[in-house]
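Listed next as structure tokens is one chain, alone, in the form predicted on its own.
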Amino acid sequence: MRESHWEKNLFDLIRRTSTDLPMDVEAALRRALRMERLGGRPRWVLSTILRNVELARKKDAPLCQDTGTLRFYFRVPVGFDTNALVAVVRAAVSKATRCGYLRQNTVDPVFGCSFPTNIAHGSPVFDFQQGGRKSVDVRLVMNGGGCENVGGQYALPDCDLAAGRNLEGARRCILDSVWKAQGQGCAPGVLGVCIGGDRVTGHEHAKEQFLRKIGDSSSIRAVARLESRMMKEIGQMGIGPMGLGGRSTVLGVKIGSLSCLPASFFVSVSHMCWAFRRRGMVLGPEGGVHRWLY
């Protein structure tokens, strides 16, 4: 592995993810703006957000001061040296922090001290899968603290929500999560949902939904219908951007599912803010960029 090529391009992935909102997300924000009535607070919020997007791109500055938890998803060839890749990613993260593309955003929960390079146990987060012949597929998602704080997990049946162990029960959980958030987490954003799994894999799979494009639908017809229904019903709740009212509470609802034990039925809901920072690239054997994703 030629570290100079790998580190340079992974640093550029971090820089671009932090500063340049993907076009599918920006297009969704513009659609939301057109949907809100003229002169209202929701329209003012969305206009301000889009101006922020424009300035961040122009000035090569972070979209948000909270640059979030960095989650790297890698798909590598069989036998690839992932330890060396982790070392290069850590070097790129450290450099990006020194250059101001990442905030010093990592804290020791026991002693309260900060890790000035964002390199620590559990930071950044890595997910590796094997596949492909020569190229390395890497995706990066930055999940800020505000939207992370309003995520949650439900164990069904839930008597308070009258939610049973089925898609209707999942629907009630999703609506409850949005209602409790009340625009916190910097709405409008995207919901990542997992139906099933255990307490750990459910949250992980919910976050993996953020790798999907804004305009796509689940390949499972019943789940795709639920995604569409959730978009409509959440829009009718009137929470709106930043909780100030309006129809644009979410830009997308992405639902996945995992098998579960007969004794357990979890619904995990992860929130992503309007600064939906995710990028990806495909790298060749020497670390050169074959193409950008998103």
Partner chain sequence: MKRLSYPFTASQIRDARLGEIVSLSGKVFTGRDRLHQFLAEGGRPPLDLRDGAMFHCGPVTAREGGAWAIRAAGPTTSSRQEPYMPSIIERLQIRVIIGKGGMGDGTRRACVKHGCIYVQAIGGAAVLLAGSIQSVVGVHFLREFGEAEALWELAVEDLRGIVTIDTRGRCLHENIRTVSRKALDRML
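Numbering follows the first chain given and starts at 1. Not measured: the values here are computed from a predicted model.
Although it is not shown, the form predicted in complex with the partner chain is what the next lines describe.
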(message) in the predicted bound form, does every one of L63, G146 and R172 come within 4.5 Å of the partner chain, counting any heavy atom?
(response) yes
(request) Please determine, with the chain shown alone, which of 54 to 62, 263 to 271, 27 to 35, 250 to 258 has non-hydrogen atoms within 4.5 Å of the partner chain in the predicted bound form. (result) 54 to 62
(message) Which residue, Q129, T82, N166, Q182, is the contact with the partner chain in the predicted bound form, using a 4.5 Å heavy atom cutoff?
(response) Q182
(message) Would you classify V89 as touching the partner chain in the predicted bound form, given a 4.5 Å non-hydrogen atom cut-off?
(response) no
(request) Examine S228 and determine whether its closest non-hydrogen atom to the partner chain in the predicted bound form is within 4.5 angstroms. (result) no
(message) If we define contact as a non-hydrogen atom of the residue within 4.5 angstroms of the partner, is Y101 a contact of the partner chain in the predicted bound form?
(response) yes
(request) Considering only heavy atoms, tell me if C186 and the partner chain come within 4.5 Å of each other in the predicted bound form. (result) yes
(request) Check each residue of 240 to 254 against the partner chain in the predicted bound form and list those with a heavy atom within 4.5 Å, in sequence order. (result) M242, G243, L244, G245
